[in-house]
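Given as structure tokens, the chain that follows is alone and in the form predicted alone.
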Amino acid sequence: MTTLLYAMLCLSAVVCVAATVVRAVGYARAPMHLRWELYPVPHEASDRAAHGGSYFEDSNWWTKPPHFNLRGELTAMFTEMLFLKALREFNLRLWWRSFPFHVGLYLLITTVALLLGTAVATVFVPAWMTGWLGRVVYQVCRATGVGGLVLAMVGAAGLVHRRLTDSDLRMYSTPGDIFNLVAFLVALGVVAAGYAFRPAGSPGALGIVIGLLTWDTTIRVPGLLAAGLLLSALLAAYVPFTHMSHFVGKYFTYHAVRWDDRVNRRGGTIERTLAEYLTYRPTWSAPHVTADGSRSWADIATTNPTKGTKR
């Protein structure tokens, strides 16, 4: 049983990482997006970003070197990643449910990282973990783990309730949306119950991680806790194949779409890329586009769809 649990934990981790990388590479290789012209762009100069301006406000802007406000972009990224800033501004009722769910997941990821680091230190430099440092790390792991489980489950339950009771959101909710949130509730709930009700003397989270690291199959993991860990591992491997992997797409949505304000210079990379795109022969089912695979983008873009003549 312990060997099977170790094998599933390792396999799920490999699948999760590999699927996430494949998805990220797919996004990175996707065709260039049409420019949105949405402002403010946070890597603009701070005085311009404050009122939604851009370098286009300068006269002869094309003759001046580009300005990149790294501090502004990093600030925007971290406030969005950590506090879901956009959701809070535009949908506060949903933010109250989504924020604890995401913070709970962040804490659980932090807990796993701390446990792995502590296990490595315990195995290879045990002297480090026998004193006050070991006691502090143990308490931090316990606080982040328990806090993460509680917040993630409360948030997931709130999101399920919101999707089932809000008339506006319900029309966008599919059975898959509900299944994914319930899967988090079940997996994390079983882990919490398995940890809270494990028999005295049975290994805790750190003991199991050390056992995994040393492949110690003599450890007897309680059945309920093992079931919770197994469900959580399967969930981690499943998430990159669903739309809940938006944590990957969000980076590209911001950097390759919303904030991509690069200048399209004559003879530059953007011009060459777009020139290639105009030779593509798309096939769309929408009849008004007349994209049946026989006409290029250049033909379609220069034809009046209501008259069938070139503009």
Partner chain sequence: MSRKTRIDLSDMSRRDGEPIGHVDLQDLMPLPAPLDDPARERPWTPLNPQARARYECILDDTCAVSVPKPATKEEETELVRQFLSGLDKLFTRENNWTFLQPLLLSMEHCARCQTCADACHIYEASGRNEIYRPTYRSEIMRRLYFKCVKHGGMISAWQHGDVDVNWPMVARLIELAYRCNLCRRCAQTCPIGVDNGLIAHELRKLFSQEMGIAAKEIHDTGSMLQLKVGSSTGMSAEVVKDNIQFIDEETSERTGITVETPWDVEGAEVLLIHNAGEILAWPENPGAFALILNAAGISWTLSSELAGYDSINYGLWYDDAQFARVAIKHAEAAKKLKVGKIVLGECGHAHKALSVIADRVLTGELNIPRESSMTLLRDIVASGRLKLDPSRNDFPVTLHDPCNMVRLMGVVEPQREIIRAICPKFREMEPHGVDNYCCGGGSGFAIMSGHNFPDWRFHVSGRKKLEQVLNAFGDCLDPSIPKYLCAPCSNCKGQFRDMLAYYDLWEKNRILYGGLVELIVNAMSEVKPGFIEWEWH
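Positions refer to the first chain, counted from 1. Under this definition, the rigid core comprises the largest set of C-alpha atoms superposing within 1.5 Å between the forms. Keep in mind the model is a prediction, meaning the values are calculated, not measured.
Another form exists, predicted together with the partner chain; not displayed. Remarks below refer to it.
- Highlighted residues Y27, P40 and F179: every one comes within 4.5 Å of the partner chain in the predicted bound form, counting any heavy atom.
- The partner chain is not drawn, but in the predicted bound form it has no heavy atom within 4.5 Å of T3.
- Using a 4.5 angstroms threshold between heavy atoms, M171 counts as touching the partner chain in the predicted bound form.
- Among residues of the shown chain, I300 is one whose heavy atoms approach the partner chain to within 4.5 Å in the predicted bound form.
- Taking the partner from elsewhere, P175 is found to have a heavy atom lying within 4.5 Å of the partner chain in the predicted bound form.
- Shown alone, this chain has one stretch from 144-152, 214-222, 190-198, 236-244 that lies within 4.5 Å of the partner chain in the predicted bound form by heavy atoms: 236-244.
- Shown here without the partner chain, the chain has H51, G52, G53, S54, F56, E57, D58, S59, N60, W61, W62 in 47-66 lying with a heavy atom within 4.5 Å of that partner in the predicted bound form.
- Superposition of the core reveals a Cα shift of 2 Å or more for T290 between the shown form and the other one.
- When two forms of a protein are overlaid on their rigid core, residues whose CA moves 2 Å or more are considered shifted, and A50 is not one of them between the shown form and the other one.
- Once the rigid core is overlaid between the shown form and the other one, I300 counts among the residues whose Cα shifts by 2 Å or more.
- In comparison with the shown form, the Cα-Cα distance of W284 and R23 increases by at least 3 angstroms in the predicted bound form.
- In contrast to the form presented, in the predicted bound form the C-alpha positions of H33 and R88 spread farther apart by 3 Å or more.
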